[in-house]
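We begin with a single chain expressed as structure tokens, specifically the form predicted alone.
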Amino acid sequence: MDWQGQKLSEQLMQIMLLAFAVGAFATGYVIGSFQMMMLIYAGGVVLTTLITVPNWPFYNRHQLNWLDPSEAEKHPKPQVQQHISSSSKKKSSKK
């Protein structure tokens, strides 16, 4: 999944969960059934999961262009220098 696909997936998840929550609450309120409200919301969560979690093709519209291996060899990875600190503790002076 590319970066734009991740953003789209996140937005779809938020919109769908909110829509199912509002719809489930309204239906449960009108019918007067907490159980029906929970079933509708649980179905919405399952449907949202099936739409947003798998790596569907519409989440891969903007492919990432990786560096060619031969080009990567020309530009080596920078080395991180570690500073080794010697034990330079302050000695307490006795007065």
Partner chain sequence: MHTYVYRLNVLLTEAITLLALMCAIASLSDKLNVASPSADIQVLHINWFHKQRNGNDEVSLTMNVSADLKSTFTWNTKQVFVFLAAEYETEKNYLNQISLWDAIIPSKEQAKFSYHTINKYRFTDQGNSLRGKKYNLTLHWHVMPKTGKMFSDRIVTTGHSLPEEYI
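Residue numbers count along the first chain shown, from 1. Everything numeric here is computed off the predicted structure, so don't read it as measured data.
Note that the form predicted together with the partner chain isn't included here; everything after this is about it.
Engineer: Answer for N55 alone: is it within 4.5 Å of the partner chain in the model of the complex, judged on heavy atom distances?
Structural biologist: The answer is yes: N55 has a heavy atom within 4.5 Å of the partner chain.
Engineer: Although the partner isn't part of this model, could you tell me whether A72 comes within 4.5 Å of the partner chain in the model of the complex, counting any heavy atom of the residue?
Structural biologist: Taking the distances in the model of the complex, the answer for A72 is no, it never comes within 4.5 Å of the partner chain.
Engineer: Residue-level contact is defined here as any heavy atom of the residue lying within 4.5 Å of the partner chain in the model of the complex; does G32 satisfy this criterion?
Structural biologist: Yes, G32 lies within 4.5 Å of the partner chain in the model of the complex.
Engineer: May I ask you to state whether M38 is within 4.5 Å of the partner chain in the model of the complex, using heavy atom distances?
Structural biologist: It does: once the partner chain is placed as it appears in the model of the complex, M38 has a heavy atom within 4.5 Å of it.
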